[in-house]
Each structure stands twice: as structure tokens, then as C-alpha cells.
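Given as C-alpha cells, the chain that follows is alone and in the form predicted on its own.
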Amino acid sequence: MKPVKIVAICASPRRKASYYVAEKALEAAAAVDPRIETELISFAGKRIEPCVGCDCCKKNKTWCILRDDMQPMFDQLKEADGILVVSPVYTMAATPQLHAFCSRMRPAMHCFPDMLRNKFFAAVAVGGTRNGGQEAAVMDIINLFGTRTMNLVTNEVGGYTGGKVWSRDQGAEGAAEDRIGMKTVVDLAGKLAEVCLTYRLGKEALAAEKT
């Protein structure tokens, strides 16, 4: 059986709290089953231009003509079964970089509609203050990815729609000290991996019935 791949997107332009949270989430996902494979996509040091609405992709049924770091990262995403999106909170929302990234998914929707269909995703937000907009940012992520034909995986009891961490603006150390918040992340990552594995096994069982 081909490994089930869980990809975490760290939507922060820095490698601090959100990067730490993404790493720990992938560790939790990998621990679910030996058939789980993980990969981390970091926006740190990357240039991601927003969609300019030129419609070149739609007219020519091809990829975006903008040349930056978007396409290599999207190629990684195409191979994923599950996507865990981790973003710091920027003004009660996910980062501008993540908004730009999602705006550039238009070719996948209008030119290659099966590319993202039925992938699973989950949302995590990391805020510098206790009530720093984490829930608003989680909902922002859900809107960004839910409009791309993907399926939302919600959290376990107490985690609600996604993972929410309070870093106290102390980077990885601050995030690690938020035990309650990190538990929501670990639980969510484990559930995402479980759902993706179950879905893969179900698809393979259905295919076997038809042969």
C-alpha cells in the first residue's frame, strides 16, 4: 500500500511558534500508524504573490503564469492525502501569505478539478495572546480551503473546529508551555491521519470489490 501522506503547511513567514506547532502536529500524525508519511511546507523565506485575476489559467487550461515560490509548494500539496494548515493570527485572520497561496489555487479548480477533490484538511491557529483571534483565524482557514473541494476534519471533544494555541509571543517555548492548546493540536493531527488512512483503505476495498 502506498503511504498515506499528511502535509503540514506552516503559513508563517518566520520559523517560530507556528513552525514548532506544525512539527509537533506531524509527529502526532505519524504516530497513528506506520503507513502514515509526513512532510512540512514552510512559508519562511518564500515569495508568494497573490492572484491578479488575469484569467490566463482559465483561458489556457494551464498553471499560473506568475513565477515565484508558489508552484513548487503546490506540487508538494498535490501529493497529500491530508493537509494540516497552521497559521499565526494576523489581525483576527490567517496570514496574508496564506491568503495569497489559496488565491493561486485557481488553476486546480478551473483547469484540473479532480486534483484537490476529497483531500482532507484541518485548521490550527497560533495567537500571541490567550484570546488573540485564534477561533477567527481557524474559521478563516476553513473558508480558504473549504472552497477548494476539500473536506474539513474537525477536532476531538474540547477542540471544536480546530487547534488553538497561545504562544504568549514567546516562540516555540511559549507554544510548548500551552499544554491545553497543544493537546488540541495533537488530537486534531491524530484524527486527520486516522480519517485519511480510513478513507484510503475504504477506497482500496471498494476497488477490490469491482475486480
Ligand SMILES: Cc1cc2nc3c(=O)[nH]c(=O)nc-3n(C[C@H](O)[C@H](O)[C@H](O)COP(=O)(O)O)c2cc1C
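Note that residue numbering begins at 1 and tracks the sequence as displayed. None of these values were measured; they are calculated from a predicted model.
Although not depicted, the form predicted in complex with the named molecule is the subject of the following passage.
Contact with the named molecule in the predicted bound form for residue 169, defined as at least one heavy atom pair within 4.5 Å: yes or no?
Yes - in the predicted bound form, heavy atoms of residue 169 and the named molecule come within 4.5 Å of each other.
Can you work out whether residue 132 and the named molecule are in contact in the predicted bound form, taking contact to mean some heavy atom pair no more than 4.5 Å apart?
Residue 132: contacts the named molecule in the predicted bound form.
Any chance residue 74 has a heavy atom within 4.5 Å of the named molecule in the predicted bound form?
Contact check for residue 74: no, nothing within 4.5 Å of the named molecule in the predicted bound form.
Could you tell me if residue 191 has a non-hydrogen atom within 4.5 Å of the named molecule in the predicted bound form?
Output for residue 191 is no: heavy atoms all beyond 4.5 Å of the named molecule.
Is any part of 81 to 98 within 4.5 angstroms of the named molecule in the predicted bound form by a non-hydrogen atom, and which residues would that be?
The stretch 81 to 98, when checked against the named molecule in the predicted bound form, contributes 88, 89, 90, 91, 92 at the 4.5 Å heavy-atom cut-off.
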